[in-house]
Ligand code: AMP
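Just one chain is shown here, as structure tokens, and it is the form predicted alone.
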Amino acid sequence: MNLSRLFLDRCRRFAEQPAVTDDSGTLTFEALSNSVHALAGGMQRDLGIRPGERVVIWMTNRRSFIETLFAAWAAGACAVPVNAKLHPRELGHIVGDSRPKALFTTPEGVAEIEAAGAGAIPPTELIAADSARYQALKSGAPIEDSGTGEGDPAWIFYTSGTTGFPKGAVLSHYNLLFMAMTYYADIEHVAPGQTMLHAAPLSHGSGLYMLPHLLAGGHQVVLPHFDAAAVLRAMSAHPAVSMFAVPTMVNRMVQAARALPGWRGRISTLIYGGAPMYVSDLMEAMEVLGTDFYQLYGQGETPMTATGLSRFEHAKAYAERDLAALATTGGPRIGLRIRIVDEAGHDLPEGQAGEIIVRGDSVMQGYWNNPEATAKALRDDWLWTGDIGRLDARGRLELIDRSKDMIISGGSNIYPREVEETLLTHPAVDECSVVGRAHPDMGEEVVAFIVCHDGRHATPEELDRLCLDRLARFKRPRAYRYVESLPKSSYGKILKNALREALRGESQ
């Protein structure tokens, strides 16, 4: 069964329930279904979209994103959601690689593409959401289901492209349905009318977790972008709110909530992932917002589904001040297996760091149009993630770093995250990031970029002493760079490649 058929069934079942709310108003499930299936008819009739062809969705958060996504599936197409913050020329690579039949964007997106000039993106049908052209597509006979199978591609998830060009992870209808089922099994039961708040991009994690909520009759409340005050207002206005957020967003919500009384325990489930959440930040967040947190670890290649630390485990660890538990991303999700292996694929013992490999029904079919990358990532049905981690005695995963971020100094492996966790315990340090710098004798040495709280300072001597008290001497940073802010992607991830680039040419 494909997702468009499941969507249609749910729309009939929950017809009068609110389905989607954004700045333009609220649609019930019946109204959303009418809009989706009318648009699907126009995609086939006017755009000539046939099963298996691609539809790129390059939109800021809005109701029409959800309409277009489900219309593409009803028409039999494979959706290619793309972060709206990408430059048109970055979008151009994805369009050139996926070769879509049409690109749905916003009026602002059309203007950006036109301003970028000829050649920014390969030629394709360009349609602005809610334009006259968009509305005309919905003027004919609707299509309810193209008959696409569960094994057919549904979503091509392009990686962030921090190294080289992004690759498109192909996710089938079954991959996404399995992801939704593990949500119900591991994270929370979703009841009709329950709210899923979207402030992170719908093109990525938030949109993926829109699926289990919408398919269970949940109400999607869509904010155009993340603003901590707006998020808190929306949470006050709607019942039983769940939300996906990256750690940067969580930290900003904590800062905003500190100024307002009574926020502890008001969030149904705050799901976080996509980047490391430092233990000190997590403890502060639970102090302010409550313990209804769920940490997930996954990749686009196994969407939002590899390991998880449950709300129960958060509450228990918070009460017992079990910082070791909070430093993990929990155990394998239902139906998933996790192993830690060396370069040859041999299992490593408990507590030893190695590459994380994942197996289960959420794992992608492969990379779009890239058999070489597929063969490297998928070996004997195991996804080689490129992430470094270790398992504790309870089978919980401690995510250490990306393999590409590991620093090798004098033949010893140094994982930046453990150095960062130590530096963040200094009361003056707000944010930090650790990278390697070329060294003529040692190969690499550790450099820490430090952001201090306003009006406070952490001296190199203080930071050195902190590290020497907690870490092996060879892991101590050899230099500190004090900066006003750290470079981040549109998803809130620190861009370590930009920091390494800033150090390029430097050596000691």
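Here the structure is a predicted model, which means the values were calculated and not measured. One rule holds for the numbers: they count along the sequence shown, beginning at 1.
Beyond what is shown, the protein has a form predicted together with the ligand; the following relates to that form.
Distance criterion of 4.5 Å from any heavy atom to the ligand in the predicted complex singles out Leu296 from the list Leu296, Ile338, Val241, Leu171.
Distance criterion of 4.5 Å from any heavy atom to the ligand in the predicted complex singles out Leu399 from the list Leu176, Leu399, Val221, Ala285. Note on the interface: of 146-154, 189-197, 266-274, 127-135, the segment with non-hydrogen atoms within 4.5 angstroms of the ligand in the predicted complex is 266-274. Although the partner is absent here, Glu301 lies within 4.5 Å of the ligand in the predicted complex, judged by heavy atoms. In the predicted complex, at least one heavy atom of Thr329 sits within 4.5 Å of a heavy atom of the ligand. Shown alone here, His204 lies within 4.5 Å of the ligand in the predicted complex, counting heavy atoms only. In the predicted complex, the ligand sits within 4.5 Å of a heavy atom of Lys493.
Looking at 8-30, no residue comes within 4.5 Å of the ligand in the predicted complex, counting any heavy atom.
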